[in-house]
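This text opens with one protein chain seen in two forms, each one given by itself as structure tokens under the names structure 1 and structure 2.
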Structure 1
């Protein structure tokens, strides 16, 4: 019997509720549902379309516009972080800790590289007129022949 999942069964939106409160966002039906999809399943990297599809599959009625609104609000609140890896589509990452990414080009999929498993030696000085906002490392992967179906 897992205490954590037991808690979730009783108060299924507790986690998201706390997050919304800390971000100063009203706990609406839509945000609670999307937050649950996003945060109750461990680390995730999703696109707006994907999340909208998942909500739909679970019978949750949310417009695509709201999915975009929510993902953007969550991102600017620090609940999510946006990762840019491919032209023309945005990924949203539920892991907001310092970390980097593997990107499987074949299926356009992201995977975390723990922050301590990669280190930058000799990061050059930022130009004098600017400061470093973030450093993104993307390791682009191609499936090897032997594993291609």
Structure 2
């Protein structure tokens, strides 16, 4: 058994704790539990409802409102990136690096597109009192007839 997996078993929240501290967030029980679910699975896209269901399945007692609040706090602090695909429909992305998304309208799933695979010829000038913080591109897809399940 390697040292990292042994350490992870002894301190299962160590990675999440470090993330929360680096983002300036107090490591509450709910933040630690939800952060572990989010970040231990690698890069992923989840809705608040999906994360709430995962928490419930793991026996983590947390309200849906707390899940929403935690996801929004994680996004504000830079731990997550919110991807709005439609009014009232957001996914939270654990990959905060520069990238874009394919959105499959048929089954409402997201897939990452590396940032260097999208090229924009030009952006409009930002107003004098603002600067461009980030550009998000969502390419909406429908599966072809032969690829629908």
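All values derive from a computational prediction rather than experimental measurement. Numbering follows the first chain given and starts at 1. The term rigid core refers to the maximal set of C-alpha atoms that superpose within 1.5 Å between the two forms.
Exercise. Of these two copies of the chain, point out the form predicted on its own.
Key: Structure 2.
Quiz prompt | Shift of residue 126 between structure 1 and structure 2 at or above 2 Å (CA, core fit) | solution = Yes; residue 126 is a residue whose C-alpha shifts (by 2 Å or more) between structure 1 and structure 2 when the cores are overlaid.
Self-check item: Core-aligned C-alpha movement of residue 111 between structure 1 and structure 2 reaching 2 Å
Solution: No, residue 111 moves less than 2 Å.
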